[in-house]
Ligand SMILES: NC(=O)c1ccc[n+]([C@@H]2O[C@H](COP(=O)([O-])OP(=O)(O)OC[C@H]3O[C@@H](n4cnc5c(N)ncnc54)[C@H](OP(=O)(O)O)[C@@H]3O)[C@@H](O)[C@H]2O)c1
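Quick setup: one chain, the form predicted alone, written in structure tokens, and binding and motion questions come after.
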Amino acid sequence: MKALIIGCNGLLGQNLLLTRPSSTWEVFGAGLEKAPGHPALLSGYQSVDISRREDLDATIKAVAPDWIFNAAAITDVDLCERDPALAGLINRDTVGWMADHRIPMVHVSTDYVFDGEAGPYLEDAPTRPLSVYGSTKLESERLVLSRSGRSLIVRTMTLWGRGKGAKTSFVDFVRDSLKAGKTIRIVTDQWGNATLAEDLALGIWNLVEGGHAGVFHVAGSEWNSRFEWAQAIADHYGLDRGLIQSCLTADLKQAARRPLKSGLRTDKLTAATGFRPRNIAGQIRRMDELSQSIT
């Protein structure tokens, strides 16, 4: 089987490459960058600006994949709110262009398709996005599902992990700030599942290899507040949790509304594949293991 991972240099894209079932898949990558971050893991690479339809179409036709994995998106929700045209182009329109090829897709979506009033959510819960980001992602879900009955929508949230060129994770921010004796402010009213990028990638491969289609949630197995997550990080590293001060989301005066009582239930994923993503403690231990293996 031949897969094309669009956005292969991002955090999820890299983890999809690192966890790929190499014995059964020939994997090609595409990204905005001139060269891939993991060339040894790819059978080929295309540098492409997905906002240009002709270039995106040419890339897909050149690779002729059996599956398209779309790991490209604008995930800065406040930027999406300030520039809805850009959000619509990247998070919705480009997805429609990919889906128009009628090739089965894995498209990664978000808990932001929900309003955050009754989480954690099952896959068939009513959607009601509060932001431009959530709206464009919900529209992209519908485009993908309308083009191929074999495609997968994988919703996730609060993604973090290690990757070449990846931005500083929440775990790194909390740990490094507390080690330096700095006080940090963390919201107490945002609830959800922290998700390790490696677990998201493994969940995706399990679903594809198992022949599943439709909407699935892949997120960490522990549901808590962002504040509690920060406390768990402090406790894991033996740092002073007293340096963590509480605040509310409204205090941050962000451009986009957040779904506050959010979260994704993964019962369907586990029933279908037997795979269960790690809880927060397991995620942090895994990242510690990877850091030690690198050093």
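Residues carry their position along the shown sequence, with the first being 1. Computed from a predicted structure; not experimentally measured.
Below: the form predicted together with this ligand, not depicted.
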> this ligand in the predicted complex: within 4.5 Å of a heavy atom of each of L79, S135 and A256?
Replying inline: no
>> Exactly one residue in L32, L252, A64, A58 has a non-hydrogen atom within 4.5 Å of this ligand in the predicted complex; which is it?
In response: L32
>> Counting any non-hydrogen atom inside 4.5 Å, which residue from I90, L143, V215, V187 sits next to this ligand in the predicted complex?
In response: I90
> Picking from 283 to 291, 6 to 14, 20 to 28, 270 to 278, which part of the chain touches this ligand in the predicted complex when contact means heavy atoms within 4.5 Å?
Replying inline: 6 to 14
> Hey, in the predicted complex, is V48 touching this ligand, heavy atoms inside 4.5 Å?
Replying inline: yes
>> Taking this ligand as it sits in the predicted complex, is I153 in contact with it (heavy atom to heavy atom, 4.5 Å or less)?
In response: no
> Even though this ligand is not shown here, does V208 get within 4.5 Å of it in the predicted complex, heavy atoms only?
Replying inline: no
>> I'd like to check something about A71: if you look in the predicted complex, is any of its heavy atoms closer than or equal to 4.5 Å to a heavy atom of this ligand?
In response: yes
> Can you name the residues of 102 to 132 that have a heavy atom within 4.5 Å of this ligand in the predicted complex?
Replying inline: V108, S109, T110
